[in-house]
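Quick setup: one chain, the form predicted on its own, written in structure tokens, and binding and motion questions come after.
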């Protein structure tokens, strides 16, 4: 739970209020001038209503240059950011032919597979030559190759489940498969900070949805008790099935799920566990097998394991792993499997090759080195940010590090200052986060060297001083030195 300092909350509300007031004034002026202008859509309802479009026009456009920055290189430790300019106060941005080499703290390239790899890339190129970039078909028509079959076997073995099914898009894995697993008469209990793909999948299922406080097993148990006692709305009949949906690492908080406690509660009340490991699979655990391995949870106790290949494996798509009966059922009913174009064969080959490197099946120990490096980099960077006085969310070992900004004016100020010093960061505000909880989200990679991290810390510290986002006092240097000194009697 984030506790916002009182003065910070007041100043943030005041800033949004000011932006809202000036935005409304400009809208009023615009309506007056538009009164005399001709409109070819006379008689049509506006496709974007004024209040729906207000946030984009009056708030987002002011800082649009901080989002969607195009790159012209692989998302490695350093990346080429294409320069843009605007002639209409950021309403539209035009690309130039120039680019700036920046330290990349925004991509999900956790293990460094997003760029050239000595083992993976030649195999991907060979696959591209043999199979072409696309299958041009769904899995049930002509879109299944030998590589797809090998990928599903490889994923199932890697995560510790009997079988797996892969899809071409991580977002669609949740949004298309949750409605297949549960429907009317069922109950979904979802963490309050679950990803949008889970939220949309749950809404599309027709099941009743209840939310429990973020990563709070005690509240989950209370919700389960109440819902089991009450039963279905109006009829009060028993629920047909109950699914509890959580994430391994929460992408906007960097927190690791309290999975052992949640699994124990779900066992007690006979509820299924759906675990989204989009950000944890491949990134944490001794052999990169995710939150189950890190926290010592038997994968047999997690009924449905979901993950994506876009973060740790340098590819695209997602998977569901579970029992053979479950996967067979999904292959007959899941629209992402039946109707969507299958994952491209070169992308599938990239995933297989990356898993082999992680497990050391490429004949080297590079996988173990990558896992050790991302853990060391993440814990070092988090500790240094906290020493500087930043409010950093998340847990140790997590490669996701949100730095709290709060005030809307600090979103563009922090982003632009970092970019000016050749450090590319991702800033996030409403509606991706609650109105008051704007943040910069740092993603650490195994491809970052210690020199890269020290440069990033120097730039972020300077930007933090300029924007006033060091909400805690910095740790005294003398005190730090004393902690590192061992006194012998």
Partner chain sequence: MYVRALPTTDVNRNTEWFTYPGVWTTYIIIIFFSWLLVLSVFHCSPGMAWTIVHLAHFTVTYHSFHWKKGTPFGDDQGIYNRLTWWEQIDNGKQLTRNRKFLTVVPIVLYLIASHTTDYQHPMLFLNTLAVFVMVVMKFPHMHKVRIFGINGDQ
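Residue numbers count along the first chain shown, from 1. Quantities reported herein were computed from a predicted structural model and do not represent experimental measurements.
The same protein also exists as the form predicted in complex with the partner chain; that form is not shown, yet it is the one meant from here on.
*Asks:* Only one of these stretches, 459 to 467, 64 to 72, 429 to 437, 443 to 451, has heavy atoms within 4.5 Å of the partner chain in the model of the complex; which one is it?
*Replies:* Of the options given, it is 429 to 437.
*Asks:* Taking any heavy atom pair closer than or equal to 4.5 Å as contact, tell me whether residue 473 reaches the partner chain in the model of the complex.
*Replies:* Residue 473: yes, in contact with the partner chain in the model of the complex.
*Asks:* So in the model of the complex, does residue 289 come within 4.5 Å of the partner chain, heavy atom to heavy atom?
*Replies:* Because no heavy atom of residue 289 falls inside 4.5 Å of the partner chain in the model of the complex, the answer is no.
*Asks:* Are any of the heavy atoms in residue 421 no more than 4.5 Å from a heavy atom of the partner chain in the model of the complex?
*Replies:* No, residue 421 is distant from the partner.
*Asks:* Quick one: is residue 214 in contact with the partner chain in the model of the complex, heavy atoms, 4.5 Å cut-off?
*Replies:* Yes, residue 214 is a contact residue.
*Asks:* Ok, 157, 268, 219, 95: which has a heavy atom sitting within 4.5 Å of the partner chain in the model of the complex?
*Replies:* Spelling it out, the residue with a heavy atom inside the cut-off is 219.
*Asks:* On the criterion of a non-hydrogen atom at 4.5 angstroms or closer, are 9, 55 and 203 all touching the partner chain in the model of the complex?
*Replies:* Every residue of the candidate spot has a heavy atom within 4.5 Å of the partner chain in the model of the complex.
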